[in-house]
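Single chain ahead, by itself, as structure tokens, in the form predicted alone.
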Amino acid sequence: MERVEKKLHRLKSNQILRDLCSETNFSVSHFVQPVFVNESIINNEEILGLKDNFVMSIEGSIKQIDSDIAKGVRNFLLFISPQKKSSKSFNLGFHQKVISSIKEEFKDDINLWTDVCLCSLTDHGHCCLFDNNQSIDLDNTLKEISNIALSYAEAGSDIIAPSDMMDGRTLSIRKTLDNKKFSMKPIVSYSTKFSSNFYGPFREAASSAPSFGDRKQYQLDYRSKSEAIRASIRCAEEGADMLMVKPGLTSIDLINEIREKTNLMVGSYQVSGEYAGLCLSEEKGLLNLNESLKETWHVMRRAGAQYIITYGARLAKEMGF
């Protein structure tokens, strides 16, 4: 495995990132709020099961982020869905417009994380390209993913977050960014991402459900611990600056071991199915949403999570974080 030089100062480049990486406290600084932008959307559309989360237009997302900043949120994970999809070549004009519009509006007041994957771009909804035999075309997939990451960096994304789970994608992206003078852009890799039953609301929001088959040929088998740990070790060796486990609660046993084996910070993604379960249970009067969220977040932090991606990040400050 080819190793790349670690630049420790990538994670010290601004105050928001330094706060995120602080290890002796737990505050709203350690939360990341997902944001969904769809080219076909005019008015905000609430995401089924995810209370107070919406699929938005560019203008709607700017209003939402402005509101979230007032609630203490500074880190946002952006998911972008274009109107037209393809299986071969991709027009990233809308993506660049979304990223540049948000960064021009908020500048250094936020860190904008951008999810890098093909699933919302492809007409088949998979995270890769296929050859004529319907096998993964890894070389072309890595090329496209790396070009997408570069495009997002050029548009102003602060953090590149590859989620596709293709072999070698972190190294490919790191080389591409470094060769184009973006060596200071951190990569936060979805390094241990399982093929999970808990992604349903997200796939609707991101318009990324596969039209055939499933993603078990490239996402991790939730029955395999050793493979999950190896996946994160690989991303660390390929140049990731921080790592991630996903889904958060069903990966809770892996966080500390990954930290110990890689010596990198590891975050936890409280995915849409996990979050929706709490929201829908509150609707039925079965639990208190805020108190349940607080419990799950402290458990993730107790397990070693450096940061938490959650659809309730905008609630953290009012809950005392």
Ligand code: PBG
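Each residue number is its position in the shown sequence, starting from 1. Nothing here was measured: the structure is a model prediction, and the numbers come from that model.
Form predicted in complex with this ligand: not shown, discussed below.
For the chain shown alone, residue 113 is not a contact residue for this ligand in the predicted bound form, no non-hydrogen atom being within 4.5 angstroms. Although the partner is absent from this view, residue 203 contacts this ligand in the predicted bound form, with a non-hydrogen atom inside 4.5 angstroms.
Mapping the unseen interface onto this chain, residue 219 counts among the residues with a heavy atom inside 4.5 Å of this ligand in the predicted bound form. In the predicted bound form, this ligand sits beyond 4.5 Å of every heavy atom of residue 55. Not one of 74, 153 and 307 places a heavy atom within 4.5 Å of this ligand in the predicted bound form. Judged by heavy atoms within 4.5 Å of this ligand in the predicted bound form, the contact stretch among the candidates 137 to 145, 102 to 110, 226 to 234, 192 to 200 is 192 to 200. Though this ligand is absent from this view, in the predicted bound form it lies within 4.5 Å of a heavy atom of just one residue from 35, 258, 271, 278, which is 271. The single contact residue among 157, 163, 170, 251, judged by any heavy atom lying within 4.5 Å of this ligand in the predicted bound form, is 163. Using a 4.5 Å cut-off on any heavy atom, the residues of 119 to 144 that reach this ligand in the predicted bound form are, in sequence order, 119, 127.
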